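Coming up, as structure tokens: structure 1 and structure 2, two forms of one and the same protein chain.
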Structure 1
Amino acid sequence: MQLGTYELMIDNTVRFYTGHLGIHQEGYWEEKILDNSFEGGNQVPVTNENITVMVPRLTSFALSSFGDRTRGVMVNGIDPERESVLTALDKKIVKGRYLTDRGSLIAEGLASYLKLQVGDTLVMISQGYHGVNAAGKFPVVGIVKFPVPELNQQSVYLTLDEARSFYGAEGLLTSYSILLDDPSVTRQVQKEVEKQLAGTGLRVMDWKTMMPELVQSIELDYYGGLIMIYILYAVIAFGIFGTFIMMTKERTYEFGILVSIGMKKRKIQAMVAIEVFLLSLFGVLLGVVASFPLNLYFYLNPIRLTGNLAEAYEKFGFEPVMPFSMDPVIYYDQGLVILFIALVLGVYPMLSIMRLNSVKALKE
């Protein structure tokens, strides 16, 4: 269940930022400037059957302005068609239309800051390739909305050609983002691509290297969750064990009587086994029934996160809420685990009956 969430989270994030693999000029990742871009026409420098799409980008910074307002923005020169396969940018349009050949897409937060509508013209100035001056006017054709505030406040999309001529960076790219059909082969594809890129001065990186924070936060969350669950299991196990110990101790005398008057230990064990089973089953069912309304409440009223955690969530493109699942599979799985724990611990009463000494038991 938790694992599923992570896969989804990785997929979302990876798609949005870097792809499973990224190709850059040697040095670009350390210093993300246009001078560290590479010659890359629209032709694909590598081939591999696992690659779904390779998305070229030319990314840099600019100062944008409209009316009397200005703001620093991230300019992304993109291939609209391929970009939509990777990031589904075309699905994020809230006003206007998707990018075709001319004009710009701007993020919704930025648009509202600049008080800019579809049809208005955005002015941008920047420093281009090798320090040339860059200036340009770009009519806004559409507005896109991102859940991540950082992106929503400062993203501008141009076609690759327009971005190149704006920055004076003809034929250059800052990155290729590679999307794979099957993320599990990432490492293997990376090795093959590495071979193909040998001697070109290009470097291929996987998402784990490009986004160590994501890996960290997932691991933290994952192991944190795991530890939490084991602690809970341990607590529950102690509770159950305590109950069984009580149940056995309290009835030692009774068992002693039964053995004395001639009830075979095997029969007593069978009787107690049934009790243990029914007790466990009943306990688990009761647990499910009791937790259901609580879970339902949190499902309908999710906990809204605040502070650092909220920022972290937003950074990776999620709403800062802690989702609760009503998936019956969770009840089923957890129920089975607890039942299993209970039945394993149920060995204790069996053993103590087996070892029961009736004379001692009768003295209790």
Structure 2
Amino acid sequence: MQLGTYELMIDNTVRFYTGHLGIHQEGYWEEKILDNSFEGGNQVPVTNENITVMVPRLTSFALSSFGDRTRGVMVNGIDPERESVLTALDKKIVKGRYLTDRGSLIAEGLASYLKLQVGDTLVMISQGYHGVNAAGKFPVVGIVKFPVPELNQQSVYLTLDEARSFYGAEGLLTSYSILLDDPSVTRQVQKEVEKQLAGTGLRVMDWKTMMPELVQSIELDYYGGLIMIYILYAVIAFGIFGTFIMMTKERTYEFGILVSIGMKKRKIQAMVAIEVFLLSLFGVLLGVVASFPLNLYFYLNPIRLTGNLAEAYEKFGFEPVMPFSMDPVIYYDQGLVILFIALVLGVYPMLSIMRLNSVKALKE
């Protein structure tokens, strides 16, 4: 559940903000202004077999207004077709239609605050490229809903052409967001893209660099979870140790007879070692088999939070849901750790047999 939550947080960040990789003009990430945009057109500047899509954006801020209400908004100039691949924006429409031509998509929370409906006109003013005045009226063609509250309160989407015209930034982009087929190759793809963009003045950043706060929060929570796991390991270890003590004590008389009739202690130890190994191995396998269906159920049907707890999650900018991860490493790592603990504790029966006194054993 913990790792599933991390995966959801990362996926939300990648798909709603940054992509696995982002391409920007040098200096843009430190100072996100239109003057730090770059000549982008609509052409993809790099190629790589691991790239699913590269999404061009022109992003800036504006003051939006409708009637007597105003609010600061984040304006995203997008290529609607490519954007839908990265963010599935077309699947988040709750009213109206998807963005195809002139007009605007606005987030549900923003629409509620401004009391806007589909068909109304959103007014925006801002400062454009190189300080030009930016002002425009945009009919609302659709309303979208995001699971991330921050996005739901301030997002406005225009087509790239509309955004460029609004800001006086013809042919310019502020970023390319890159979605990869396999997140595990992010670093490898980053190096290859950097080579392709050498000398262009563009910078390639991965999502960890662009979202250090998310990385830090995940690491902090992860180490807190490790403490709990270690406590559980200790509890499990005592349970296994108790089983081995019982197994040894109950068979002391049996071991005494075997030694008395001439059986070597090392052979008894070998027999018990095989028993300990098989007991531990089948115990681990049984644990995996028993937990897999339950984990799979919650993976397919994540726990959705409600009430005050859901509100608390949303205040921190997280979707109020607790998903489960099906990463094979979870089973692999836990199985190996428990098997290792069991085998280490299996030394106790070996030592007991080595110190066995057959006379005393026969009296028990």
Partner chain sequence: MSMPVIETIKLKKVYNPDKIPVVAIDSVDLTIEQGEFTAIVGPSGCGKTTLLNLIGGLDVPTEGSVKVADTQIGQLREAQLTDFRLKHIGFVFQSYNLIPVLTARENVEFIMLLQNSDKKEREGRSAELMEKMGMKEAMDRRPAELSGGQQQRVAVARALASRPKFILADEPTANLDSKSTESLLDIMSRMNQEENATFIFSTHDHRVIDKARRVITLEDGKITSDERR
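All of these numbers come straight from a predicted model, not from anything done at the bench. FYI, numbering is relative to structure 1, first residue = 1. We call the rigid core whatever largest set of C-alpha positions still superposes within 1.5 Å between the two forms.
Undergrad: Of these two forms of the chain, identify the one that is the form predicted in complex with its partner chain.
TA: Structure 1.
Undergrad: Align both forms on the core first, then report whether residue 277 has a C-alpha shift of 2 Å or more between structures 1 and 2.
TA: Yes; that C-alpha moves by at least 2 Å between structures 1 and 2.
Undergrad: Comparing between structures 1 and 2 on the rigid core: C-alpha of residue 89 shifted by 2 Å or more?
TA: Not so; residue 89 is displaced by less than 2 Å.
Undergrad: For the two-rigid-part motion between structures 1 and 2, write down the angle in ° by which the smaller part turns against the larger.
TA: Between the forms, the smaller part turns 43 degrees against the larger.
Undergrad: After fitting the core, how far does the CA of residue 337 move between structures 1 and 2, in Å?
TA: Looking at the C-alpha of residue 337 between structures 1 and 2, the offset is 7.6 Å.
Undergrad: Keeping the rigid core superposed, can you check how far the CA atom of residue 247 moves between structures 1 and 2, in angstrom?
TA: Taking the core as reference, the C-alpha of residue 247 is shifted 9.3 Å.
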